[in-house]
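Consider the single chain below, provided in structure tokens and representing the form predicted alone.
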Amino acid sequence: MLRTIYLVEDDLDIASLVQFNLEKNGFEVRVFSGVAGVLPAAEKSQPDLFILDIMLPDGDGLDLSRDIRGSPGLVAIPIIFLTAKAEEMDRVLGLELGADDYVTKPFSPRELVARVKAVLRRLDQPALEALVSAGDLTIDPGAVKVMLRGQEIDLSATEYRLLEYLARRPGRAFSRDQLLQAVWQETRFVTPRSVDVYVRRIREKIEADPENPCYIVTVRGAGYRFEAPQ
């Protein structure tokens, strides 16, 4: 079955170039020239991945990303930003809004295709089937769900992978570089600071007090450790 990508890009030349190269590599591509209609279309027929420009004629790709991450049915779908905004601050903001990768213009179509495949490949890795339970938290890899006191928590695909990786290794401290290698693998735009951003996002969703976490704790001078509250 073909994997579907929603490409949101107002530059027709760039959109055509990206569409051509993705379709040549076996993807189905639906192109939108702005934010209008993207969410309704995605909620009706979910894509496998979004590629979003940031500066769009009728809105902002960052706002669209925020809306995608706020939709329970779309939150786990990966997002790649394709944008001329190359400053570190822009990349960090993209991370904070749940981006899985960030490609700056000008770009190599071949590299973009490789990055798309890399993001999707991470999602294809077989999940360990055993449930993980810690305190009020339950991780169900078969359903790719996280439950907190019986209520499902909406996590992006990368947030889920990071939390599951830590939760399956309670009590062990991991450096940021180790987590980058384990969770992000070959994705290039992420840095050790990316781990901090994602840990903060997860804490805001699972911790009663994100400033005093009981699940993902900071190990001074080392990185992070998962604890199972008693």
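Just count from 1 along the sequence shown to find any residue number. What you see is a predicted model, and the numbers here were worked out from it, not measured in a lab.
The same protein also has a form predicted in complex with the DNA, omitted here; what follows describes it.
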| Looking in the model of the complex, any heavy atom of residue 83 within 4.5 Å of the DNA? | no
| task | Could you confirm whether residue 32 comes within 4.5 Å of the DNA in the model of the complex, counting heavy atoms only? | result | no
| Taking 4.5 angstroms as the cut-off for heavy atoms, does residue 49 touch the DNA in the model of the complex? | no
| message | Residue-level question: is residue 6 within 4.5 Å of the DNA in the model of the complex, judged on heavy atoms? | response | no
| request: Establish, in the model of the complex, whether 184, 196 and 222 all lie within 4.5 Å of the DNA, using non-hydrogen atoms for the distance. | output: yes
| query | Which pick from 172, 66, 200, 168 sits with a heavy atom within 4.5 Å of the DNA in the model of the complex? | reply | 200
| query | Pick from 103, 119, 157, 139: which residue has any heavy atom within 4.5 angstroms of the DNA in the model of the complex? | reply | 157
| query | the DNA isn't shown here, but in the model of the complex, which of 176-184, 57-65, 22-30, 35-43 has heavy atoms within 4.5 Å of it? | reply | 176-184
